[in-house]
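The chain that follows stands alone, in the form predicted on its own, written as structure tokens.
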Amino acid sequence: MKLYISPASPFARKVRLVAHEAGLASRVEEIPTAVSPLKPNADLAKANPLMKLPTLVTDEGFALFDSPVICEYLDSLNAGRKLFPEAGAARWSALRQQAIADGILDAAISVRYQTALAPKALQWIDWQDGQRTKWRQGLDCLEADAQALQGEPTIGSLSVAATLAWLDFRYGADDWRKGRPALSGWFAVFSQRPSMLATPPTA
């Protein structure tokens, strides 16, 4: 399988974490790929018309995107304990955690795109503040429900870990840990998993 990634992407890291936790890392060839909202990537477009990362091309040549779909596909190949709980409250809890984590990233990445790429005159501070409110409220929600992250990893806890690590990577000065002792304590332990140590983000 070929996995097109940006080494800095938290969505790509989530997929890489799933590959490691599912025992599939050796079957996945990671291909660093450059994308930009301002410049099309014609090569990536052959596999993914949306030109977004990550994109997985299966052994059969079928392209899958975006990260939740790729993660679920990899888990379908997982011969061990599934990372997507099959049914009941555990499944909905894990999927909810993934949705919160992905939503935090959507808000934070959109701010980063604007501050890094938009001309100063076109930057909308009130809009950026609104996005920051979204991701901080998402973090508060995870703090309130941090107990649900405990135990063996799921797609939910892996998504949350990838998100928190990316906030450290890109928004370290924002200090998401402040006022969130349960979430930060969980993350300190989870960060030592071999899958986390094997997949650090790089610029």
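Keep in mind that what you see is a predicted model, and the values were worked out from it rather than measured. Counting begins at 1, following the sequence as shown.
Omitted from view is the form predicted in complex with a small molecule, to which the following refers.
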- Message: Even though the partner isn't displayed, in the model of the complex is L53 close enough to the small molecule, meaning a heavy atom within 4.5 Å?
- Response: yes
- Query: Are any of the heavy atoms in S36 no more than 4.5 Å from a heavy atom of the small molecule in the model of the complex?
  - Reply: yes
- Evaluate L77 for contact with the small molecule in the model of the complex, applying a 4.5 angstroms cut-off between non-hydrogen atoms, and reply yes or no. no
- Flag D66 as yes or no: does it have a non-hydrogen atom within 4.5 angstroms of any non-hydrogen atom of the small molecule in the model of the complex? yes
- Query: in the model of the complex, which of 171-179, 130-138, 66-74, 147-155 comes within 4.5 Å of the small molecule (heavy atoms)?
  - Reply: 66-74
